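As a starting point, one isolated chain is supplied in structure tokens, in the form predicted alone.
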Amino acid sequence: MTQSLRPGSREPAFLLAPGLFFLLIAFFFPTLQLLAQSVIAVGSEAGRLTLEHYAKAFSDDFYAGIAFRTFKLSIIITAICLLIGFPLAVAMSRAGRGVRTLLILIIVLPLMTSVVIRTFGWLVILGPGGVLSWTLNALGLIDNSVSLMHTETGIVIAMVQVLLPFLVLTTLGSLNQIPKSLEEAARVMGAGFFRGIRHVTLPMSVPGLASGSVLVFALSISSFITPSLVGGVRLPVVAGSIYQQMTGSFDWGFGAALSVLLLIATLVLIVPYMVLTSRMGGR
């Protein structure tokens, strides 16, 4: 029997306290510290409030190009994960117990490997004379060696492989909540396979798809290891630029300003998306 929490009880506070305390220490405090550093001048006028770090970010076309590339790649990666992940999650939800367990193991297995090791694996596959080039040569599709290293296509392929499990697992959890009787009723009413997917399965899996896509987008836009290794110095992204500013140039004020701008831009996209998908999912 399901028991609801009593109104006015202290149980919700006890349940929320560990998570809120962790967020306070690990997210809100560092974010406030970055926000403070982004508006404090350094050098001869150290300690003075200033917006020069933000002015530098908006006045330099180099950083505008990096921001455009970062958001473009993140949106493409999220869209591809949705296109691949939803059919895969549907197949897993309808498979037998043994096949479903095997598929979950295959999906989860890459998460047990370091992202650096997985990325170096893609360097071997996508690099000049790598597995991809050798395969295309063997099939007679190309005559010369090809390489997807230091290309946006290479970044998208590597990032989709890294982030696909997050979308599949969240969508699978939502699909498992759909009563089988609804799909059976749709088939009794004459709906075919694809019509049943479109009118029953897809609308009811919107909460899982929304959560998974937000997770993939947030992880994609903040990643710098895979984009830096696959894209190289020719294709920098915002997270890599922040890392470079803070550890290479030691310009913490400008790096903090880029971090705050990245957070604001991400929230501007994610919040309306979550509101829209929440209305579509009826929750």
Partner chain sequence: MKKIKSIGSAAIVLASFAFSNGAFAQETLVINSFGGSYEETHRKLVITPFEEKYNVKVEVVTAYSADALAQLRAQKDNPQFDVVHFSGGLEHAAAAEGLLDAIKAEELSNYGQMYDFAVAGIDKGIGPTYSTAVIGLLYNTEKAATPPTSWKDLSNEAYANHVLITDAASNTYGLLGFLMMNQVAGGSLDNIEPGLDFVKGLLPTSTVVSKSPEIQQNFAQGNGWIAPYAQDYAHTLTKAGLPVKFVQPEEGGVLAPITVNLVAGSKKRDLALKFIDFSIRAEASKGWAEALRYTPTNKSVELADDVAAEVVYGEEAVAKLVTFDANKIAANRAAWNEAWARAIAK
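Positions refer to the first chain, counted from 1. All figures in this text were calculated on a predicted structure; none of them were measured in a lab.
Beyond what is shown, the protein has a form predicted in complex with its partner chain; the following relates to that form.
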query: Per-stretch contact check against its partner chain in the model of the complex, the hit in 41-49, 213-221, 27-35, 60-68 (non-hydrogen atom, 4.5 angstroms); finding: 60-68
query: Close approach of residue 128 to its partner chain in the model of the complex, 4.5 Å, heavy atom; finding: yes
query: Interface membership of residue 150, its partner chain in the model of the complex, 4.5 Å heavy atom rule; finding: yes
query: Close approach of residue 189 to its partner chain in the model of the complex, 4.5 Å, heavy atom; finding: no
query: Partner contact for residue 124 in the model of the complex: its partner chain, 4.5 angstroms, heavy atom; finding: yes
query: Candidate site 235, 244 and 248: all three near its partner chain in the model of the complex by heavy atom within 4.5 Å; finding: yes
